[in-house]
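Shown below, as structure tokens, is a lone chain in the form predicted alone; questions about how it binds or moves come after it.
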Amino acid sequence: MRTSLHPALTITASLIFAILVAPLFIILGASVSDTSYLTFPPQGITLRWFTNIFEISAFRTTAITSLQIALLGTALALLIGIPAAYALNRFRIRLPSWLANVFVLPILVPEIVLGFSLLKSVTISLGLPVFIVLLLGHALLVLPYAVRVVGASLASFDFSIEEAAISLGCPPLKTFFTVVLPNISAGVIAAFILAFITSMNDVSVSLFLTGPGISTLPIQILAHMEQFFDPTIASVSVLLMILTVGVMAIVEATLGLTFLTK
């Protein structure tokens, strides 16, 4: 038996969906406008602003840097976050309760404060290279996502399976990689996607940690807007949206989005 939705509920849901989708259409329309300034609705259709992105060397360089920082920072965060999440769930009775809150601090602390603290304590005091400091800053920024998302997968994992494998003679380290890790792979993939997207779009932390010759794409977008107000900015935003949709499409094609909800 089918139940019909109330018209008010349908109208409300449609309005909410329109509010969420409208900015995307505005950016898309502004990116193809045949004008030298941002405007909507577009006046004419052209793709020259997309080609203009690749003609500006600063966008090419910062895009490569952002991808490197996002990939390496996410990998470093997972390298630390997976063992941390495992320990917090496997030995939660032995470990102090406040230890789990330590990994949430990068989220609780404002990103501006986090960026300034890293600038003063790591860049200035230790004199490390800008790329290394930027990498550490992004890894620290996305570490809570790695710990929390992987920890959520471990919370539903039955550790008696691991104990059974160890009791049958499998070494603990091999047991983790052959028994535990495959069972929490959905959480690892979800943590990677969330951390990668967060790192790619970060502004506050990167604003303090970038330096001469090294910058990220979001910072370059801000710098470009200070000098120009052309549709190139909208075109870059569209490409970033396509990148996000592309990542989700790859996950759907290879694993299925329902895989991430297991």
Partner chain sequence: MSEKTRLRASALAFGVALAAATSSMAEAKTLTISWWGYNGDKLNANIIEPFKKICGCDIVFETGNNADRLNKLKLRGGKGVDVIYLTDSYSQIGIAEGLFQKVDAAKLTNLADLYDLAKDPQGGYGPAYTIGRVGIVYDSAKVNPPISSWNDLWRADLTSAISLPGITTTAGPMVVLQSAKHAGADAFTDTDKAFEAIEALKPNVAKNYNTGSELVNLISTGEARIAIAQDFTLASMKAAVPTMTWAALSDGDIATLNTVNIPKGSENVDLAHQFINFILSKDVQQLEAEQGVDAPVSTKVVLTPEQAKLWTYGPDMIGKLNRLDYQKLNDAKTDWIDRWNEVFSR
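We call the rigid core the largest set of C-alpha positions that still match within 1.5 Å between the two forms. Numbering follows the first chain given and starts at 1. Note that this is a predicted model, so its numbers are computed, not measured.
Not on display, but discussed next: the form predicted together with its partner chain.
J.: With the partner left out here, check for me: in the predicted complex, does some heavy atom of G213 sit within 4.5 Å of its partner chain?
T.: G213 belongs to the contact set for its partner chain.
J.: Is F228 one of the residues lying within 4.5 Å of its partner chain in the predicted complex, judged by heavy atom distances?
T.: Output for F228 is yes: heavy atoms within 4.5 Å of its partner chain.
J.: Should W49 be counted as a contact of its partner chain in the predicted complex, where contact means heavy atoms within 4.5 Å?
T.: Output for W49 is no: heavy atoms all beyond 4.5 Å of its partner chain.
J.: With a cut-off of 4.5 Å between heavy atoms, is L168 one of the residues that contacts its partner chain in the predicted complex?
T.: Contact with its partner chain, no.
J.: Within 25-62, which residues come within 4.5 Å of its partner chain in the predicted complex, counting heavy atoms only?
T.: Stretch hits, in order: S36, Y37, L38, E55, I56, S57.
J.: After superposing the rigid core, is the C-alpha displacement of V205 2 Å or more between this form and the one not shown?
T.: Where the cores coincide, V205 shows only a C-alpha shift between this form and the one not shown that is less than 2 Å.
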